[in-house]
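Presented below, as structure tokens, is a lone chain in the form predicted on its own.
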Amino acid sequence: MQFFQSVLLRLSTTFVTLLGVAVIVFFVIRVVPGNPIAMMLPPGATESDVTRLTALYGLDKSIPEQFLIWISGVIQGDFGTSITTKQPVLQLVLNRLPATLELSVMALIIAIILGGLMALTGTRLRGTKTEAAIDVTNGMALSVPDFLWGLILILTFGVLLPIFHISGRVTPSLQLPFTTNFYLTEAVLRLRFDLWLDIAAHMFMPALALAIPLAAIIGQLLKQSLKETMHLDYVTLARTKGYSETHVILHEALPNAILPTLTLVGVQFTFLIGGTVIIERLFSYEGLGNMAIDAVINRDLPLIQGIVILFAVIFTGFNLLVDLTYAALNPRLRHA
């Protein structure tokens, strides 16, 4: 019973958070200098044209009135119409969301693999030069932000050694018989492995740029958790039974040391999605982050609001899911 009360409390907190985000983003973007209507019109537009479009988009009303109109539409599923594309905001955002989600999931998988390998290798070879080299590598990966890793990868594997694709989401000449925008997933379901390889090749570089800093964080935390677990009694008992050190790490220490890392991965995944904004721009990747930059440049207020609200829903949703999963896996928290 207490667990369900905690869930209800978190859901109410999530709702308040989303409402706060909506209020802040709505009022802040209207305080920033710049007239979106003026950017839409050609140089020879008259004052009457400006007045007509201002009234059409409701910008002639006071900001509180605009907010009430907008939030009432959001509650009904209407996020407004994009000023630049003249299309429904919700449709635009949902069309780009699958590309960003697939990129983020691939980056997360790469980060878990790289971080897990570094942590396990450092624990297995603790006290050696290999562990010191892994620590130095982790420090370097953390000190460089993801967009700089993106530039490094573009220069290295796109210019000096042109091995991987550095722009786009798929080769334009390939036939795309897809009904959804989850290209990578649908390519597997349709058994179109040629398309899958092409899409994955386009995603690999931006995903790797996003994954490197996260892999370093995962590697550091998991390695520290493993070190603490290796001194516990049940691990010592496993050694006395004659198990190899590798077996002890994988089957005894890892299952108990991985819980804090799983929580970190869930939380960091939300920041990973936010980090796609710059990375998608660098690699000309057709995702939500790239569209967000275009919306800011064009002062497309309804589109900016829709993108920010969607990011907020993803952040709060994943954080709530992580908390509930951690509580479900940890009986002490579930019954606390």
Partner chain sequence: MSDIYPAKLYQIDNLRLSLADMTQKPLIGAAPRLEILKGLSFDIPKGEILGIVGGSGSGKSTLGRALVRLLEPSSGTIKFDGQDITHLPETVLRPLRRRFQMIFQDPMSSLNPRHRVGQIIAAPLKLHGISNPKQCALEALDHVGLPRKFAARYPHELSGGQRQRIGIARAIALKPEFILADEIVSGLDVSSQAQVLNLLETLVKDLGLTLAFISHDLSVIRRLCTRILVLHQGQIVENAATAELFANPQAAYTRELLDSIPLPDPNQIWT
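Fair warning: this is a prediction, and the values are worked out from it, not measured in the lab. Residue numbers count along the first chain shown, from 1.
One more form of this protein should be noted, the form predicted in complex with the partner chain, which is absent from this view; the next part is about it.
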**Asked** Does the partner chain get within 4.5 angstroms of any non-hydrogen atom of Thr179 in the model of the complex?
**Response** no
**Asked** Thr128 near the partner chain in the model of the complex, any heavy atom under 4.5 Å?
**Response** no
**Message:** in the model of the complex, does Phe204 come within 4.5 Å of the partner chain, counting heavy atoms only?
**Reply:** no
**Request:** Examine Pro162 and determine whether its closest non-hydrogen atom to the partner chain in the model of the complex is within 4.5 angstroms.
**Result:** no
**Request:** Heavy atom within 4.5 Å of the partner chain in the model of the complex: which of Ile113, Leu151, Leu237, Val136 fits that? Just give me the one.
**Result:** Leu237
**Item:** Residue among Thr263, Thr121, Asn256, Thr156 with a heavy atom within 4.5 Å of the partner chain in the model of the complex
**Value:** Asn256
**Message:** So if I measure heavy atom distances to the partner chain in the model of the complex, which of the stretches 103-111, 241-249, 207-215, 165-173 falls within 4.5 Å?
**Reply:** 241-249
**Request:** Taking only heavy atoms into account, state which residues of 264-287 are within 4.5 Å of the partner chain in the model of the complex, ordered by sequence.
**Result:** none
